[in-house]
Every structure is written in structure tokens, then in C-alpha cells.
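Only one chain comes next, encoded as C-alpha cells, the form predicted on its own.
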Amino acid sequence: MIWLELDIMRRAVLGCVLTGILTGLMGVFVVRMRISAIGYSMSHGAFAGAALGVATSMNPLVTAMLFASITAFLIGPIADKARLHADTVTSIIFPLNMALAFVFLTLTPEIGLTSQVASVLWGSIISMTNNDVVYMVTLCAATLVIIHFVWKELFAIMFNRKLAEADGINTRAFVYLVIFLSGVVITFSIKLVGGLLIYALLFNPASSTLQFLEDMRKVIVVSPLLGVGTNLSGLLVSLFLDLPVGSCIVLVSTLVFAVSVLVSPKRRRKIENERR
């Protein structure tokens, strides 16, 4: 029994570490490229897909990936083709995904807050399997390799998108890449905090780090580390207080963000400049 508990905890810790790295990393690009609204809509697209998987007894991971990909396709290329602003499309898709998610959950064979439904809503880190860990390790390695090869282009876009376009960079393609990778990361992270809270993991670590650092090379390292730290801290809090893991992780992450804003050097400089 002890060995079983240790095995569950090992997978939970690995899940926290890997999810922290992935969401902390992708969150930097989402925040700096100012596509936070897109990331928000993507997270709920994955949520709707996972809910469909539960309702149809399919693999929630597969259906979540499908919905996240469809959402990315609708927000990016179709918005450009239709000459609509991404925020306009996001404003339509977000409530649509939420409505679909709750319709799918209502259609589950056993109506009510079953373990599968609760897992989609709030996450279930203790239900992570060895295969889940392998998938996340693979995704983490692949994401790091991709970022390594396109770092110069992404850095230029984050610095100034118009200047990047003037230098001949196809900024639209790289923004689409970030949107797609974010969707994949969100999909694989749902087990940690659930579909309703997953966006906090994408936004909070990067936003907290950007309160202190300007150098993007440092931000890209510190943000994933902060994501890992808040995830593990949330896991410890949940074990100590016997509360849901996902909720505790988001509470810790939000508290860190709130404190970072209060003590932020950027905020102090801004206040001083306004007083002048």
C-alpha cells in the first residue's frame, strides 16, 4: 500500500514539474505577444473537448486536442481570412466552448459529479498514469527543441512585431505556431487543474516574472521555474489542508502574482513617473 501511494505521489510531482515548465514557458509568448484572450479561449476549447470525451466514452485527451486545434484554426487563419479581429472571434468562440462543455457534461451516461466529470472540471493529478508522464516528457522535450530553433524569430516578434515584419519575418506563421503549441500544452495540462482553471497556469507565472525582469532570455528561464515552484507549493498545500490539488495550485499561483504586483519595481517606477 505504501509503495502504491509513493508511486502516485511520484507521478503527481512529475506532473506538477512538467506542467509548470510547459505552461510557464508558453505563457511568456502568450503574454508578450498579447494573445492572452486567444489563450483563454483555447483553454476552454480543450475543456469542451475533454467534456465531449467524457460524454461519448472516448479518450478525453484526444477530443480535447481536437477541440483545441479547431479553436486555434478558427481564431487564427479564419479570423484573418474573414478580415475579423482575433478578439472578435475569441468573444464568440469562448462562450460557445463553455456552452458546449456543459452540454456535453450534462449528457454523460451517469449525470452528476462523477469522478470523470470532476476531473475535467477541477483536475485530478493523482489519476495521472505512467503513460501521461511519458506523453508530457515527450511534449516538454519537443516544445523546448522547437522553441530553440525558432527563438530568434519569436524574440523579434515579442520585441516589436512591426519591426519583425519589416525584417522579413512571417510573423503570422510564428504566432500561429505559438497558438498551436499553447493548445497542445493546455490539453495535456488539464489533468492538473481542470478545464475551468487551466488558464491561470498559462498566465500567472509569466505575468509574475515580467513584473521584475526585462531581459527575455531571463524571463524564458525564470517563468517555467516559477511555474514549477507554484505547482509544487500548491500540491503541498492541498496535501496539508486536504483540499483539491488544482484549486490550491491556482490559489498559490494567484497569490504569487498578487504579491509580485505589489512589490514590482516596474509598478514603483510607473507610480513615480506619474507623480512627476
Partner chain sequence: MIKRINICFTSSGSTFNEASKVKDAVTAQESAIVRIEDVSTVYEGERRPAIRDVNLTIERNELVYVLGPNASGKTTLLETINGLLPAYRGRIFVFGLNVRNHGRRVRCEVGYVPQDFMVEPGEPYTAFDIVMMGRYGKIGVLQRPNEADHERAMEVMRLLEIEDLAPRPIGKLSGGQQQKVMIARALAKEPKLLLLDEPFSNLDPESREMVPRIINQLHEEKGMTTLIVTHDIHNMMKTCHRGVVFRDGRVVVDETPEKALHKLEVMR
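In this text, all values refer to a predicted model and were calculated from it rather than measured experimentally. Positions refer to the first chain, counted from 1.
Absent from the display: the form predicted in complex with its partner chain. The rest refers to it.
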> Within 4.5 Å of its partner chain in the predicted bound form, heavy atoms considered, which of 175, 128, 158, 181?
Replying inline: 158
> So which of 103, 92, 169, 142 gets a non-hydrogen atom within 4.5 Å of its partner chain in the predicted bound form?
Replying inline: 169
> Can you say which of 43-51, 235-243, 215-223, 58-66 gets within 4.5 Å of its partner chain in the predicted bound form, counting heavy atoms only?
Replying inline: 215-223
> Using 4.5 Å between non-hydrogen atoms, is residue 228 touching its partner chain in the predicted bound form?
Replying inline: no
> Would residue 248 show up as a contact with its partner chain in the predicted bound form if we use heavy atoms at 4.5 Å?
Replying inline: no
> Does any heavy atom of residue 73 come within 4.5 Å of a heavy atom of its partner chain in the predicted bound form?
Replying inline: no
>> Taking its partner chain as it sits in the predicted bound form, is residue 10 near enough to touch it, meaning that at least one heavy atom pair lies within 4.5 angstroms?
In response: no
>> With its partner chain taken in the predicted bound form, which residues across 241-258 come within 4.5 angstroms through any non-hydrogen atom?
In response: none
